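Take a look at this single chain, the form predicted on its own, given in structure tokens.
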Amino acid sequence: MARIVLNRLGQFAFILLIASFLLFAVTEFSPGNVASKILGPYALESQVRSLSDRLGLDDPLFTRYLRWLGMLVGLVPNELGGPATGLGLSDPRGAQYFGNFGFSLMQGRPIVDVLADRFGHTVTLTVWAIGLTVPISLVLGVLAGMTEGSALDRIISVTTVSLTSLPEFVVAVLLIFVFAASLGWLPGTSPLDPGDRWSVGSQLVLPVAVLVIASSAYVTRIVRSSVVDTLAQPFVRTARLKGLAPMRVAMLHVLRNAMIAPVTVILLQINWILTGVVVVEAIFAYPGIGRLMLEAALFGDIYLIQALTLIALSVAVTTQFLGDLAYVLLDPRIRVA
């Protein structure tokens, strides 16, 4: 077990390192000079040249990447702040600390502070969405799989397939039209403003509902398929021939083995909800990471885009790592392989 964990941790670090280099290279070679992006379209050529020299933007790519990586881990100071650049940027934590992503050009603040304002909101959305998606998907998937071919199975299958085919923005617009515009039961936007006439809880209902509908429909299909495959295994038929009750067979023999495939899907849903909810957060004006990523892309905030994409990569690799550990815990054959 320890060997598997250490092996996966090594792969985690290697993949994250390669991904961070590719991320840095893509953003550095995006259209436009980096110094021009920082200073704006009306900067003088002399100002652009001066800032490029100060930040070492003409150095080789690998040298700039190592400098950027050193800044992230706190080994190299961030030269963008301070009065010498004339940008009016300052960080109360200093120029050198672990997790220094630099400054947001869009907001003129350290990226750490910008993320602190938004990250908690997206985590709240994620916790609610996953907390509802997992039990709904498991219950519906197991019911459909255990009653394969029945009317209940067909109803669940047709409903989930139909919902899976709908994009998130379509579901969001439909829910807004029904519950906000027509019935007036819920707000059509979710700025999480406590001074609004709608409570914060009511503002969370529609964004969470969209994510739960999109996620649970897909996960339910995966759970059903896995349950059907597990029911066809010899050990399940043996348990049934011994006279065990259907619920006992489902809980002791089917569910544990059927969860091996859906675990990866559920973890990928965590990654998607946490970093890929740009459309949902934009539609509902939700102040989260997804909306911030859209704003940074539209503004051309290169350092904020780098930080958000690196976080997305870290979440993706972490969920894959957790998925591997779940495989080990659910399938003893992997531990002895």
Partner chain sequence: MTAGADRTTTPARAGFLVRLRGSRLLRSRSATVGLAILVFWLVVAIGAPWIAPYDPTAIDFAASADPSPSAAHWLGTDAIGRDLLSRIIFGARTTFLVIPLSVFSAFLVGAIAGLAGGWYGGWTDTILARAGDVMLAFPALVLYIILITTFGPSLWNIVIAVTLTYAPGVARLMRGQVLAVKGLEYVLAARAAGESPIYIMAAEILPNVGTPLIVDLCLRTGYAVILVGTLGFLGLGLPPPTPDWGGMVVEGVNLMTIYPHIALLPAAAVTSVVVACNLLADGFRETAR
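Owing to the predicted nature of the structure, the values given are computational and were not obtained by experimental measurement. Numbering follows the first chain given and starts at 1.
One more form of this protein, predicted together with the partner chain, exists but is not displayed; see below.
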Exactly one listed stretch (208-216, 171-179, 92-100, 106-114) reaches within 4.5 angstroms of the partner chain in the predicted bound form by non-hydrogen atoms, and it is 171-179
Check, residue by residue, if Gln11, Ile15 and Val26 all come within 4.5 Å of the partner chain in the predicted bound form, counting heavy atoms only.
-> yes
The one option of Ser202, Ser165, Ser150, Thr159 with any heavy atom within 4.5 Å of the partner chain in the predicted bound form is Ser165
Using a 4.5 Å cut on heavy atoms, which of Ala285, Val48, Leu69, Ile305 is close to the partner chain in the predicted bound form?
-> Ile305
Would Ala19 count as a contact of the partner chain in the predicted bound form, using a 4.5 angstroms cut-off between non-hydrogen atoms?
-> yes
Flag Arg64 as yes or no: does it have a non-hydrogen atom within 4.5 angstroms of any non-hydrogen atom of the partner chain in the predicted bound form?
-> no
Taking 4.5 angstroms as the cut-off for heavy atoms, does Met293 touch the partner chain in the predicted bound form?
-> yes
Does the partner chain get within 4.5 angstroms of any non-hydrogen atom of Leu57 in the predicted bound form?
-> no
